[in-house]
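Form predicted on its own, single chain, as structure tokens, below.
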């Protein structure tokens, strides 16, 4: 076979593989639990491997070393690198809302996500004329749902410059760019004046912060007196046993795959909120019944795993997928397996919710 024929054969095989994967199999949001994007356009073909290595090498260290690095303010940079790496992957495989939601009987994952985000808007009584902050907005899936549902104006903040551009493009396409604003910044030091928002929410984003109190204190600062703040987050439950090696590995695997310095205990959210001055109006685990198991969305059969692994490997060899995508696929699949085990055993929940209020100014 001459070079020209070989190149044409590779091109045809690559095109057929992409067609089969994207159109025949369909998006993971619709047909399965896959989380693999074949383009990774922002990262570039030569950087996916490098960025994966940066993230992985940071989180395979001991928890003590990770905590020390977090104290040196390296964590925001690592989180930004992580989302540079996985944002396209999450969008293709998960949709525009980078969070888990309570599963609802008879509802698709997409519908359950929308209903959950609308509940967030209702919890803080968001309404037209208000200015609400989304703390850790990602590409803005919850922002757009909440803006459309409540009529409020939403300002989102994310540390990832690429997510800013993606969120703005999605806002424009949804016709919500006049009511949804996205700002690049660190939610540990938000670029907003005091008492400038009528409400606040964060959907499974504050778990990335090295110190929970630093974020809560910033949210408290930018809220007007009497304003409400609702947040849900990834935490370990009272069933978690640090002397059980299987528990420890599941939680460490969840932390590695999610770019988290450490998972906090369930009770810490409300305790920290009170510490910085909030009144805690409600706290509960939204993953408990009557909600159905949230981790079913993460399940992947061995057949599906090997099918995806083989396809990505072939596409990487053909240079259709960037170098490093096989490793990224492995990282996310491993994290999903750890999270599924942690959910099934009840040692972890991604849906620990607290509803808080900044006290009103007394006359």
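Positions refer to the first chain, counted from 1. Because the structure is a prediction, the values reported are computed rather than measured.
Form predicted together with a small molecule: not shown, discussed below.
Contact annotation: the small molecule lies within 4.5 Å of heavy atoms from the stretch 97 to 105 in the predicted complex, the single such stretch among 284 to 292, 97 to 105, 236 to 244, 146 to 154. Each of 79, 83 and 204 is positioned with at least one heavy atom within 4.5 Å of the small molecule in the predicted complex.
Contact annotation: residue 130 falls outside 4.5 Å of the small molecule in the predicted complex, judged by heavy atom distances. Looking at residue 160, you'd find a heavy atom of it within 4.5 angstroms of the small molecule in the predicted complex.
Using a 4.5 angstroms limit between non-hydrogen atoms, residue 266 is distant from the small molecule in the predicted complex. Under a 4.5 angstroms non-hydrogen atom cutoff, the small molecule in the predicted complex has residue 137 among its neighbouring residues.
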